[in-house]
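The chain below stands alone and is given in structure tokens; this is the form predicted on its own.
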Amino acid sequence: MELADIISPDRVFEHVQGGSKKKVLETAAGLIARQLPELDPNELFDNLISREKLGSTGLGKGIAIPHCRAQHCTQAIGAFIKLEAPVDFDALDRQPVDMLFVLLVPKAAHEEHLNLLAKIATLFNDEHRRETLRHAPNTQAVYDALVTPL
């Protein structure tokens, strides 16, 4: 499965207000649920927070990949968020996070979940890709940078 299979330009959100990790996750849940009404924003938020309590999804270099399984999710769903200002995400390198790729998967999608996380982490491990995403002039450019194969 490629990232283009799980994300669309309408799930790329720029200039999102942050404030705190909790607020960012709450906002992310709301943005996704607004586009996919079968998903409950409160459930998504609770699941994202529960996963975060197991260990930060902040990878470092300003990137986080919050992820969870969701009850009414029938296929993997991705959303990309660029924050207005970086927030502390308890990342491994202690640097604040300014970009997040939120991944939701069905309850039973264990292997798919791990494969997608690895693919997303590899994408963000590329310094050129991170900088392209940070400086993309518009939403379509962000989307293109996300889905262009490595």
Partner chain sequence: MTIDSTSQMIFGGAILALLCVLASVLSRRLGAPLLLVFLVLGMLAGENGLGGIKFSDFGLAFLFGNLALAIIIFDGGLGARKATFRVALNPAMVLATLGVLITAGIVGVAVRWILGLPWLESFLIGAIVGSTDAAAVFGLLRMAGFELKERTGATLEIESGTNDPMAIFLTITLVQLLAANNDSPGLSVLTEFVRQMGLGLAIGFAGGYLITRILRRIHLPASLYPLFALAGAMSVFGVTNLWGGSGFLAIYIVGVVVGNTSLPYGNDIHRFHDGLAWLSQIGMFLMLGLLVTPANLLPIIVPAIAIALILNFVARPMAVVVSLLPFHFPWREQLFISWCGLRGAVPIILALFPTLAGLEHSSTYFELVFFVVLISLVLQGWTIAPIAKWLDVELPPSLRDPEHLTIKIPDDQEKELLIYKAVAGSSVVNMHSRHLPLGEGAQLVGIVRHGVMIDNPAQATVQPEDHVLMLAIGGTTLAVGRLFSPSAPETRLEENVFFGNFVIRPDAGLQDLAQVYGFELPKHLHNLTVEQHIMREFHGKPVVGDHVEFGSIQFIVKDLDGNRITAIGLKM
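Numbering follows the first chain given and starts at 1. Note that the coordinates shown come from a computational prediction; the quantities given were computed from them, not determined experimentally.
What comes next is about the form predicted in complex with the partner chain, which does not appear here.
When the partner chain is placed as it is in the model of the complex, which of 22 to 30, 35 to 43, 93 to 101, 77 to 85 ends up with heavy atoms within 4.5 Å of it? Among the candidates, contact is made by 93 to 101.
Arg51, Leu59 and Thr122 all contacting the partner chain in the model of the complex, non-hydrogen atom within 4.5 Å: Every residue of the spot touches the partner chain in the model of the complex.
Taking heavy atoms and a 4.5 Å cut-off, does Glu127 contact the partner chain in the model of the complex? Taking the distances in the model of the complex, the answer for Glu127 is yes, it comes within 4.5 Å of the partner chain.
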